[in-house]
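In structure tokens, one chain follows: the form predicted on its own.
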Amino acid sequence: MAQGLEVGNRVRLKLTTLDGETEIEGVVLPSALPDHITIKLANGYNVSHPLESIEVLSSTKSEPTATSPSVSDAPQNQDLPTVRIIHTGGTIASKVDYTTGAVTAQFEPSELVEHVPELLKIANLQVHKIGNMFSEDIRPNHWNQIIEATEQAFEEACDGVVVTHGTDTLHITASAIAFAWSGQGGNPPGRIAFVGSQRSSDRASSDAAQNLISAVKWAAEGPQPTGELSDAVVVSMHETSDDGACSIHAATGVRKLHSSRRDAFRPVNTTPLATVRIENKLVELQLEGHYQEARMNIVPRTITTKADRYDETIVIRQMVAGPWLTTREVEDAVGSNVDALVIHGTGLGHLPIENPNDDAPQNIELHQALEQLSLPILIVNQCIHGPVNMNVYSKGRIQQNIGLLGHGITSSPEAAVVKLHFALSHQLDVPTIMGQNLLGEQQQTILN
């Protein structure tokens, strides 16, 4: 590498291009090509250029960023509500490591907030750090840590809570916190919003800032949750791939449906509760008509100060119905002492358990194996949208007769699995609980 072009240095270069000479500034990354230099530009994009046609105008070693002051040190505005940001990590709390070029979870919560100064006009902010984890690493013990942190926030007079979380399992954790607060008839003292981002916070195309503004707006100024419309916990993410609006989704009625788009989170069998519109310095919260109307017809729940916890030892094995599902998977699960099975059924929630042509004996074997089990077996919908409806075809009725659960489920599949874990954690009657609408997770309108 030429003098001054060490990885991590901030440089200003003069380049000779087909259009003549130009100058660029950025941070040196590991080279993408032999005999080239790769620079991370201020706009978040990378550029590579042959080493032979550059001139180094300046080069400085990148210094470690100083620790940011806590947002709690900012002046408190007595006219604003107080929102606590509970930080778990994820892409929203990530940035590019310019030494390696990799995206890592390394933002501190105070840094995240200070990158979005607009937040201080919405609420007085506090931060609580649980960790810097990507969401695929989150387990039920982390759910309990988040639950405890939300309790503490409300005990200390916060009006609302925002949980920053990686997007891949965000809807699962959000559902878990919703059942913890409202699964047995309670309602949290304030608003809880989960938020993530598809692009790291230091990228020019990041969705982190507007998603976070939207979440804080809801936590600070949203309506008191009813606990009956799956609004005790919400998810705040981009409405479309463009900036300007974020949707407020019910935690149990939303799912990540794209791996990279900024509008990856889409409602499942329902519609958003509200929209936060962000234009220049204006941030406006608009409740959707169906949500406003439903709120008027709901009997308020008792506000609780304590939420339920999850049994971290519960083991649930998940399988997918299709040509490869056999008794071997079931026997392996039972042999490892699982507490319940979840099978993602095809269509309306069907399994390969019939042999009409008398040439698939493994289907009958699977039927018999499932019929003999004494542990809960829950059917969810691998189609994602639409209900599990085991009344339409004879196969579904057979499945109900042998004790398979899940008929009528309209929540996201992941929310249904969380609900099962919740029921097992509190020794509730699983068949009864899975058939009930505990907090608005069951959208009955789609059954028409």
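Numbers for residues come from their place in the sequence shown, where the first is 1. It should be emphasised that the depicted structure is a prediction, and the values quoted were computed from it without experimental measurement.
What comes next is about the form predicted in complex with ligand DAS, which does not appear here.
Partner contacts here mean any heavy atom within 4.5 Å of ligand DAS in the predicted complex, and among 130-138, 362-370, 319-327, 306-314 they occur only in 130-138.
Of the candidates 211, 150, 173, 167, 167 is the one whose heavy atoms come within 4.5 Å of ligand DAS in the predicted complex; the others do not. This chain is drawn without ligand DAS; in the predicted complex, the residue among 272, 225, 90, 183 with a heavy atom within 4.5 Å of it is 90. Among heavy atoms of residue 256, some come within 4.5 Å of ligand DAS in the predicted complex. Proximity of residue 197 to ligand DAS in the predicted complex falls within the 4.5 Å heavy atom cutoff.
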